[in-house]
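As structure tokens, one chain now follows by itself in the form predicted alone.
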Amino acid sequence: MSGHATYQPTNRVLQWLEKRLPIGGLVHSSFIAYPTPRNLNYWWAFGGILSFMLGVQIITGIVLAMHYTPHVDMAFKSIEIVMRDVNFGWLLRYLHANGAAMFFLAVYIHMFRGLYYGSYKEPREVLWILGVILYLLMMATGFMGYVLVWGQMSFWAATVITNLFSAIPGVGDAIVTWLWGGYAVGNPTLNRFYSLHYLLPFVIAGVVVLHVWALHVTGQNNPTGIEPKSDQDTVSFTPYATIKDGFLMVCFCILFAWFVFYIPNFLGHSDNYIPANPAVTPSEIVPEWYYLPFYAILRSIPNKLLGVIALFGSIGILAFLPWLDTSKVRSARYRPLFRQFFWLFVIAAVGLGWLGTKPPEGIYVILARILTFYYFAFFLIVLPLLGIFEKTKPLPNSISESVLGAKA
């Protein structure tokens, strides 16, 4: 297919190195000559944006770790010192804090794109599952990083979330005690979370390598959901895809910079600018915005154990998506009924996020239960039945035909 080429360096030093360690050939085949479906749109650029944001988080995190003190008496103060006394410390802290929010924004768009275009279907099941693993690792890393601030919301979020494990019959209390490092959230807890928060981004980077590897084995999906059949269906990754990715990355960075330089505390909670006080409970405990849908699911169920099961099940069910969706057609472009149910699912997810900010009472609980039901029904009822009853539109014969017309 178009894009396949053999890397032949002209420089003698590079030739010598290539014979012994073919890094240049690997980069060339993976990111330059790699055959890419010619009909990819801008929604496919978020994979590159996520790689960029991971780099930002790791670099800023390493520098911040040099100035952070993981002790309950010094953690909050050390962040204040970073903000006031470290050269450009305020910039590093705002890049890291807002970078986490931008990271999750990009990953949600990336996941919804995968859902819409059927990127989880055969032969990309392992690629999708690796993506779900990355998402779980991101959630754990983000939560632990939030606790490191050791403000009021950080402390009580750690208390509430870790207490959820106590609902597990038999071993729950032992798990909570291990997470705390004692019998309450304290200094051992902070040390555990600091160690794991520093370690997990490198684990994420390792899984990203596997994710990219799986992508290059199966090839990229595309808006039609049809596999490339000829050279005419593909183009080289560089310059065609890299220019498109680069343009959207610049646009995304402008949004990122707007938050960092103009409203850096917009996504934070005011209580987290108060040092942690175990004796004073905040009037409301609210997680970061990217956890809100799952927080709403948890609170919508009155039984603690069932709520915890629903919370983890709402994420774990994503790993089974390749087998829950029984339709042979990938792309929602050719699935009119699926498209309607998909947008209802998006509305339900956003609605759960909004309900996560509201008190668990009255109409808010009723709405959360309705949207939680639809969330699970989409995967367990809608997708399996659509594969049986949905009448899909006819697919084009090739990617080229979908782009250039029937004469291509």
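Keep in mind it's a predicted model, so treat the numbers as computed, not measured. The first residue of the shown sequence is 1; numbering continues from there.
What comes next is about the form predicted in complex with protoporphyrin IX containing FE, which is not displayed.
Heavy atoms of every residue among L50, G131 and M138 are located within 4.5 Å of protoporphyrin IX containing FE in the predicted complex. At the 4.5 Å threshold, heavy atoms of H96 stay clear of protoporphyrin IX containing FE in the predicted complex, well away from it. In the predicted complex, protoporphyrin IX containing FE lies farther than 4.5 Å from every heavy atom of Y375.
Within 4.5 Å of any heavy atom of protoporphyrin IX containing FE in the predicted complex lies no heavy atom of Q232. When contacts are judged by a 4.5 Å heavy atom cut-off, W180 does not count as touching protoporphyrin IX containing FE in the predicted complex.
A heavy atom within 4.5 Å of protoporphyrin IX containing FE in the predicted complex is found for one listed residue only; from V107, M249, V329, V149, this is V107.
Only one of the listed residues (V286, I161, M111, L324) places a non-hydrogen atom within 4.5 angstroms of protoporphyrin IX containing FE in the predicted complex, and that residue is M111. This chain is displayed without protoporphyrin IX containing FE, yet in the predicted complex the stretch 209-217 from 249-257, 78-86, 209-217, 151-159 comes within 4.5 Å of it by heavy atoms.
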